[in-house]
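Listed next as structure tokens is one chain, alone, in the form predicted alone.
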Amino acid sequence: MNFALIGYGKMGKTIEALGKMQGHCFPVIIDEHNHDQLNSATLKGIDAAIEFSTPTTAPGNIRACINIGVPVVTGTTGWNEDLSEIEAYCKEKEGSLFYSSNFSVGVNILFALNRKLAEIMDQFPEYKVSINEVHHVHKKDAPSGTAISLAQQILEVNRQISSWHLKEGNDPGKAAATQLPIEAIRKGEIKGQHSIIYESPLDSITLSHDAHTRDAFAAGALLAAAFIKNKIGVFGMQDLLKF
């Protein structure tokens, strides 16, 4: 298949390398130096665009692809406040958008387990829930999109909490009793670690995922790009994996 890459950082390069091993082609690569090439002439013959850019540029890139009529897969995080508007725009224009805060199959298994555990733990208010995530020092957003997705899943079913709160430094006192604290750590070149911890005075329960390589995210993004070809609507990993 012919894919366009929008954003050519570490993730873009990883997707390109893995995709070529799978037999895909990347005739169009767009980054900050040639952004003016994001147009219908350049993207002619492209099966899908894979977008991993920045929180400030992602919404505009996605709109451009929808306007051109090219299905777009995006894994850029940090722009959640615009997501519902972009999804509505995609439906209005009868475009094709695949969004996920994390394309790793393992993380999406974690999402499924997190949702089920949250339903169980809502019956045990003595357990206080928190989330910890660790990423490389180059990551621009905090908390990660994956951590926010995990928190939102818990908020849907946990009657003890009403919102999540980014824990600042080592100060746990800023989160109210009705808030879910998220600790975001930026360290070294860590690809991504996420843990959900339920702690009571007597014991604790932890769900966790540790990404060893960016290939896990790239593989999922390529599956999504193949999946979305010739489809109309807004899709996510649940549609692809059907857990």
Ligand SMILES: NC(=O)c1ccc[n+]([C@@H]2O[C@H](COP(=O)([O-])OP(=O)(O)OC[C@H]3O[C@@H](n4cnc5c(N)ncnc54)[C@H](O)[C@@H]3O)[C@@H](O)[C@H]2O)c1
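A quick note: this is a predicted structure, and the numbers were derived from the prediction, not measured. One rule holds for the numbers: they count along the sequence shown, beginning at 1.
Beyond the structure shown, there is the form predicted in complex with this ligand, which is absent from this document and is the topic of what follows.
- For the three residues Ile30, Asn61 and Ser101, a heavy atom within 4.5 Å of this ligand turns up in the model of the complex in every case.
- The partner is absent here, but in the model of the complex a heavy atom of Thr76, alone among Ser149, Thr76, Asn114, Ser96, sits within 4.5 Å of this ligand.
- Across the options 140-148, 119-127, 157-165, 85-93, residues that bring heavy atoms within 4.5 Å of this ligand in the model of the complex belong to 140-148.
- Taking non-hydrogen atoms only, His24 never approaches this ligand to within 4.5 angstroms in the model of the complex.
- The closest heavy atom approach of Lys10 to this ligand in the model of the complex falls within 4.5 Å.
- Mapping the unseen interface onto this chain, Tyr198 falls outside it, with no heavy atom inside 4.5 Å of this ligand in the model of the complex.
- Among heavy atoms of Thr57, some come within 4.5 Å of this ligand in the model of the complex.
- For the partner-free chain shown, nothing in 184-208 comes within 4.5 angstroms of this ligand in the model of the complex, judged by any non-hydrogen atom.
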